[in-house]
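A single chain, nothing else alongside it, follows as structure tokens in the form predicted alone.
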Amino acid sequence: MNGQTREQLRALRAYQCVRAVPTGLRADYKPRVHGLGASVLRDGLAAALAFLEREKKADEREPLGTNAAKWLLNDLAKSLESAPLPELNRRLTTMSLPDAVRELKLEEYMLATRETLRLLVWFRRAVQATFKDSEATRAP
């Protein structure tokens, strides 16, 4: 036991990820974070990640720092790697997050969905607390 609750660990991961988002990417990152939780609830985790994956693939060859969808997928994968989801963690060593989620069995898929929703709450809070309104509305 490390003396911190799971919620504290989620908050730490989310704030670390959000603070690392380049200023020029924040205007595109913010709406993706705000919309992803609703998309997970409405369509399911695999479909929500597939939507981000589709946006990422449009700019596949561009570096990470130029695509908000790619950046958010990377942030979620890093955050979920340290979550207590052994099957997902094992798959993330060799697969992308959307591929790993698509191959999960039902129970692990449900746990991954719950963990992702909890993480997204902290990502939303971190975006609201970290991004200034002038940054978030300014196009890169």
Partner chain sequence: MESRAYLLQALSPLHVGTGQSVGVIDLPLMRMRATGIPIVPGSSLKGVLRDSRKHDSDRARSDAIFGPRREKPGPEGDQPSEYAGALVVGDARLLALPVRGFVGTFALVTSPLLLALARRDWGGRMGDEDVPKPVAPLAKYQARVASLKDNACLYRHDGRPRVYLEDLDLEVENQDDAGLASWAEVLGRALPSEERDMLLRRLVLVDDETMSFLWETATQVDTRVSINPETGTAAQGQLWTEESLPAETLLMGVMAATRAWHPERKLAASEVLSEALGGQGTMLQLGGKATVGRGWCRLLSWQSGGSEGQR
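Just so it is clear, the structure is predicted and the values come from calculations on it, not from any experiment. Residue numbers count along the first chain shown, from 1.
Unshown form predicted together with its partner chain; subsequent notes refer to it.
Checked against its partner chain in the predicted complex, the candidates 50, 27, 41, 95 yield a single residue with a heavy atom inside 4.5 Å, and that residue is 41. Within 4.5 Å of its partner chain in the predicted complex, a heavy atom is found for every one of 110, 114 and 121.
Contacts to its partner chain in the predicted complex (heavy atom within 4.5 Å) from stretch 7-29: none.
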